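Single chain ahead, by itself, as structure tokens, in the form predicted on its own.
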């Protein structure tokens, strides 16, 4: 089969943050239908849009590796496998995951529920009971930051720093600048000092647990600890922030479904899965072919990169049916790929789900009829699908 090529003149650039901040879904639908795997000349990578292909790639790290980078920008700036779990391949990845997994086990996460519910109620208490509120700043941003910081044992006085640093990391994923590079260096230095402090004075937090973790005599080095904490901070915060804001937007524009959930909150966990599918917080990640191979009749050469577009695969009609483009809070089963699949399934998935469930249980119990009352503003990013502003009305 001839190489399917989409040049820059015929389609939007996937490396353009404005494309992702707009409405990319009609393009995803067209690509799934006409060219589910094509070569992007602008970014010099293959674009993968079908659910089945992403599942197959994610389950085959021998042929599709992470160590060459997972973002389009990683090729230019270079990455090293040992610097972060997100760049690791087996067998190194399995050993590292065994070290950090107990700290994020379901039971440990479940123990946070009373505190997360308390924090959510406090944030809701600060909102007006009537009138409008900007939901992103009022709840979607502070709650995940507080939760991740508490999990890591970071003092409350430093929470705002972590918000600034996390935003800088997301900005750097699209383009490194001198400003965001300085902020990232500040975060790395902070974490390094804090980890060293925990070695001599451990507490009941995830960093202390990781400092003392041991699998078959192997422990995490300081650099590995720093990069894991950085990854958890950014991924845990940004994914959950955008899940909460996208979920609130979906419910605000689907009143029948919103009222049904308010009347029967037992449906919220299933609805959260649909929020994750319908507006995938993480747009895409990349893999690199380790050998010559064939996918959908296309010849992939060793060393070529492939961009797995989760946001497109999560609306794949072959998996989700004719209503794949619709928001259906009762959809079950819901095999979305928002948390990935295979070796790199998100370690923080249980935490994100817990925060979202609690958030919407509390929000809908107080404000079952909240509505959109202004124009949402989208984040300019090639990595995450997020909102910077979401004006909601709680009534008059």
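Predicted, not measured: the structure shown is a model, and the values here were computed from it. We call the rigid core the largest set of C-alpha positions that still match within 1.5 Å between the two forms. Numbering follows the first chain given and starts at 1.
Keep in mind that the form predicted in complex with ligand HEM is missing from the display, and what follows is about it.
- Item | Contacting member of 305, 163, 198, 97, with respect to ligand HEM in the predicted bound form [4.5 Å, heavy atom] | Exactly one residue meets the criterion: 97.
- From the list 135, 320, 228, 278, which entry has a heavy atom within 4.5 Å of ligand HEM in the predicted bound form? Among 135, 320, 228, 278, a heavy atom within 4.5 Å of ligand HEM in the predicted bound form occurs only for 228.
- Stretch from 278 to 286, 179 to 187, 320 to 328, 260 to 268 whose residues place a heavy atom within 4.5 Å of ligand HEM in the predicted bound form: It is 278 to 286 that comes within 4.5 Å of the partner.
- Query: in the predicted bound form, does residue 347 have a heavy atom within 4.5 Å of ligand HEM?
  - Reply: Residue 347 belongs to the contact set for ligand HEM.
- Quick one: does residue 343 come within 4.5 Å of ligand HEM in the predicted bound form, counting heavy atoms only? Residue 343 belongs to the contact set for ligand HEM.
- Item | residue 247, heavy atom within 4.5 angstroms of ligand HEM in the predicted bound form | No - in the predicted bound form, heavy atoms of residue 247 and ligand HEM never come within 4.5 Å of each other.
- Query: How about residue 363: is it within 4.5 Å of ligand HEM in the predicted bound form, going by heavy atoms?
  - Reply: Residue 363: no, not in contact with ligand HEM in the predicted bound form.
- Report whether all of 236, 338 and 351 sit within 4.5 Å of ligand HEM in the predicted bound form, measuring from non-hydrogen atoms. Every residue of the candidate spot has a heavy atom within 4.5 Å of ligand HEM in the predicted bound form.
- Message: Aligned on the rigid core, do the two forms place the Cα of residue 96 2 Å or more apart, comparing between the shown form and the other one?
- Response: Superposed on the core, residue 96 moves its C-alpha less than 2 Å between the shown form and the other one.
- Query: Relative to the superposed rigid core, does the CA atom of residue 162 travel 2 Å or more between the shown form and the other one?
  - Reply: Moves: yes, 2 Å or greater.
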